[in-house]
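As a starting point, one isolated chain is supplied in structure tokens, in the form predicted on its own.
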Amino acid sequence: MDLGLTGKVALVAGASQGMGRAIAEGFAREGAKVSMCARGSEALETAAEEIRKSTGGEVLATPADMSSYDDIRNYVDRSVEAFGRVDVIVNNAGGPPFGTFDALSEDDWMAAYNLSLMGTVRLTREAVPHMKKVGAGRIINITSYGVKEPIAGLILSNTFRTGVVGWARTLSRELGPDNILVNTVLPGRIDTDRHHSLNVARAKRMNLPLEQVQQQSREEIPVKRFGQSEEVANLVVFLGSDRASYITGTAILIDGGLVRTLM
């Protein structure tokens, strides 16, 4: 299936590792020009070079902190300077830290707000004018299955990532007439460093061996395994493509059947 991505420009945030890296590589394999950003410049450039070698694609790497508006502006400006347009953005950033309500400070709340909610709003704000210039666009937000079924100990993530879903649903109606489509992907338990760190925290909280917690976590998933970053990337690349031309305003689970909610 030709996804119609050849020559398009995709901006992927949080792309030095895990799902973000897999998404960047997925777009490059489909012929898109890819602009990656992440906080750690060394890991980011390593990932970019690996993607260049494996796909032969054009890949730009720009260090940027998604909680910094100046960094976001610079990232978009550099992307447009290098590639001349923006067709797709993937709003993705590391999740807020583990913590219960009583343990979190005002600074913790504001940091999570800036990263998980405002980072998404700001990157989108900077990218949309460029999408309007080319007459179309795709905005894809990576959040968590926690917006459907809140996860214990992740009150910051549950709060601000749910806010992203409400914002995205509203924005999809505003940008629909411009052929700019807005969708949100809700990964379940994907085998990433972030997921491993959450299992470590859960094991410590429950005073159980890590291996036991991981096994219990797998057993709760109907397909009996953790997802892979590449599986999330497959969905995101499709949503960013011409083939997803009538999908907008949605929040799509990719969780192996874990979440039990009907809607």
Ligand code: NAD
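All values reported here derive from a predicted model rather than from experimental measurement. In case it trips you up, residue 1 is the first one in the sequence shown, and so on.
The same protein has a further form, the form predicted together with this ligand, not shown here; the description that follows concerns it.
Peer 1: Taking the shortest heavy atom distance, is residue 38 within 4.5 Å of this ligand in the model of the complex?
Peer 2: Close contact exists here: in the model of the complex, residue 38 approaches this ligand to within 4.5 Å, heavy atoms only.
Peer 1: With the partner left out of view, is residue 11 within 4.5 angstroms of this ligand in the model of the complex by any non-hydrogen atom?
Peer 2: No, residue 11 sits far enough from this ligand in the model of the complex that none of its heavy atoms falls within 4.5 Å.
Peer 1: Hey, in the model of the complex, is residue 163 touching this ligand, heavy atoms inside 4.5 Å?
Peer 2: The answer is no: residue 163 has no heavy atom within 4.5 Å of this ligand.
Peer 1: Tell me, yes or no, whether residue 112 is in contact with this ligand in the model of the complex, where a contact means a heavy atom of each within 4.5 Å.
Peer 2: Heavy-atom contact with this ligand at 4.5 Å: absent for residue 112.
Peer 1: Just give me the single entry in 79, 184, 144, 120 that has a non-hydrogen atom within 4.5 angstroms of this ligand in the model of the complex.
Peer 2: Looking at the other structure, the residue within range turns out to be 144.
Peer 1: Mind telling me which stretch in 81 to 89, 163 to 171, 100 to 108, 136 to 144 gets its heavy atoms within 4.5 Å of this ligand in the model of the complex?
Peer 2: Contact-bearing stretch, as computed: 136 to 144.
Peer 1: Non-hydrogen atoms within 4.5 angstroms of this ligand in the model of the complex: do 66, 188 and 194 all have one?
Peer 2: Yes, because 66, 188 and 194 each have a heavy atom that approaches this ligand to within 4.5 Å in the model of the complex.
Peer 1: Which residues from 80 to 115 come close to this ligand in the model of the complex, meaning a heavy atom within 4.5 Å?
Peer 2: Going through 80 to 115 in order - heavy atoms within 4.5 Å of this ligand in the model of the complex - the hits are 92, 93, 94, 95, 115.
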